[in-house]
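To begin, one chain is listed below as structure tokens, in the form predicted alone.
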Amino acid sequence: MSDFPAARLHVVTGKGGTGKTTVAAALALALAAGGKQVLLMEVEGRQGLAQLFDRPPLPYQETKVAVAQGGGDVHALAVDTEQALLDYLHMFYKLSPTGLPARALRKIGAIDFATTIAPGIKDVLLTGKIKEVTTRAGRRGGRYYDAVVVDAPPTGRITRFLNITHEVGNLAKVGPLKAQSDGVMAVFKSVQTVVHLVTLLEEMPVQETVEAIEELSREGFPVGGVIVNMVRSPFLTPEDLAAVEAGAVGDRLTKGLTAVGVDTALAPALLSEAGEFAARAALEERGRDALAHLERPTYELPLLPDAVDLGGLYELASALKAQGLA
């Protein structure tokens, strides 16, 4: 059973380089397992999802990209700001996205102009699209998608991205834009939304995770789990690590090399490598201790030996499901 049974919108953020796009894709596969319909959204225009699923650049169209274990489907959508603005104009002002006025707006560059003079409107449009797909009605009174996963901006910008009330306050006090922002915030601060944070067991990512959770909590956004990515296998036992740190394995190593017929001249290099591994393990344990103080559910994903492909995504999805995130 999921640790977040009421959640339908899963926002995934993390410091750059932590693999948040990979984790978002794996989470979508995990949530879709067993016959669910899940939408995976990208809002930064990098087409990272297309690369992960070995697809050409995704259009501004919900496209099936994978079948999950048990027959569920993952659909993907790369949100385009221009198209999101046209969607907004269609929704509130009945302006056809393919009609003459819309084509004229594109031609004169009005959309670029609008997002340049009012940068905050970009996030308003992106979050509006997230809200629309999350609350979209399906057949028989249910929701169109069982879950929506968002590959969101990094931790340094996530609170500002979600907190569009501030941006709209600078743009509009009343009217459709204000009404839309209120609707978005009602979804983002409800029990159906959780913000998951991806980190590595390294000092800077852990610190950014701690700060982001504090900021998100202060602003009233529901924090989900902490997903520790790229965790290395423990090649040495805690006892061996302690012995390496104490410098007490030199003789043992030399005897071991001799016993298997390996040149003992390799001993200094091996000891140096063991020392680096022990230092890394100590750093990781300090990271785990810092994350434990957050008192949030924590999940660990292994470091895959090769570049992440679709097979790797399924492996990570299984790990997330086994640990209860989905």
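Don't overthink the numbering: it's just position in the shown sequence, from 1. On a predicted model such as this, the values are computed, not experimentally measured, just so you know.
Form predicted in complex with a small molecule: not shown, discussed below.
Using a 4.5 angstroms threshold between heavy atoms, residue 241 stays clear of the small molecule in the predicted bound form. Using a 4.5 angstroms threshold between heavy atoms, residue 230 counts as touching the small molecule in the predicted bound form. With a 4.5 Å cutoff on heavy atoms, residue 310 does not count as touching the small molecule in the predicted bound form; it lies far away. When contacts are judged by a 4.5 Å heavy atom cut-off, residue 317 does not count as touching the small molecule in the predicted bound form. In summary, the region of this chain contacting the small molecule in the predicted bound form, judged by heavy atoms within 4.5 Å and restricted to 276-284, 253-261, 296-304, 59-67, corresponds to 296-304.
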